[in-house]
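Next up: a single chain in structure tokens, the form predicted on its own.
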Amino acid sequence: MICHMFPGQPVVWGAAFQDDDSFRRIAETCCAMTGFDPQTGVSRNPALTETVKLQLFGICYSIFKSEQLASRNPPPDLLAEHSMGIYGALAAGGVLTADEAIEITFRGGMLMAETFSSDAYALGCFIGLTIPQVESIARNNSVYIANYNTSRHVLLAGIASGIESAKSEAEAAGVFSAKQFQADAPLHTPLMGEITADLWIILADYHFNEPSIPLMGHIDQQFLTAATIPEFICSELNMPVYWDKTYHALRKHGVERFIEVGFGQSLAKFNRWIDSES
């Protein structure tokens, strides 16, 4: 079995495919909707934050790569998603159109940026410590684990000062790598409950079709349906991403080959790490 897996927001913008007609078409659609051109990185919309630009680049790249794969190969047996990768997966599974996936990414990103603009938030990527160690560090600094990617790769989210102090504590504990990134909002933490009501209003503008390909959610490793997808989109912002559990569940369902449908190879690296510990 083959699984197409859709990664979350990239941490850097990639100046790729500037001469590709297919990507140019997707980029033009994005630019018309949002004022941001993911092909060049140029924005006509002064309200767009760097985080929202990265989210738009990520969804456009995933749509492009999904279309390229579909033009050359039979459809995959399963779909999986990580964080913001849900929107690319929904487009690939025919739940939303590609245009709708870009539009919801934009509207949701702007909602997060506007709602949490009064504070400075950050993400902390820690590699090398055990899960209990990172959980203790998170509690000590009033931040949250946002991604359980592998047994030794964890992402924290919260107030920037808390992430900074958590990074210092992790370094003192001998972490192999600790990096901090600016963020518009504390994704995948209970703090995101502040936008739930407004996000439901946005989602009410769209019709969600049944996935044409089974799509596994990263919260409880259940397959999503048209009826459960809106609830999943709202809930997943308040809860951690459990990629390690999702990967194991996909393996149990018979997946033998994974193809990353997005910018970079973050999920492929996580998979290799998880396999090495099995």
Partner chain sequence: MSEELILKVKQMIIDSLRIEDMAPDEIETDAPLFGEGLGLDSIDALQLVVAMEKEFGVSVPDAATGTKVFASVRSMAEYVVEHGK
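Since the structure is predicted, the reported quantities are computational estimates derived from the model, not experimental observations. Positions refer to the first chain, counted from 1.
Another form exists, predicted together with its partner chain; not displayed. Remarks below refer to it.
I'd like to know whether T196 contacts its partner chain in the predicted complex, with contact meaning heavy atoms within 4.5 angstroms. Although its partner chain is absent here, T196 would stay clear of it in the predicted complex, with no heavy atoms inside 4.5 Å.
Does the 4.5 Å heavy atom contact test between R139 and its partner chain in the predicted complex come out positive? No, no contact at 4.5 Å.
Is F270 part of the interface with its partner chain in the predicted complex - any heavy atom within 4.5 Å? Yes.
4.5 Å heavy atom contact, I127 to its partner chain in the predicted complex: Yes, I127 is a contact residue.
Where, among 175-183, 160-168, 99-107, 114-122, do residues come within 4.5 Å of its partner chain in the predicted complex by heavy atom distance? Flagged stretch: 175-183.
Could you list which residues of 137-165 come within 4.5 Å of its partner chain in the predicted complex, counting heavy atoms only? The stretch touches the partner through R152, H153.
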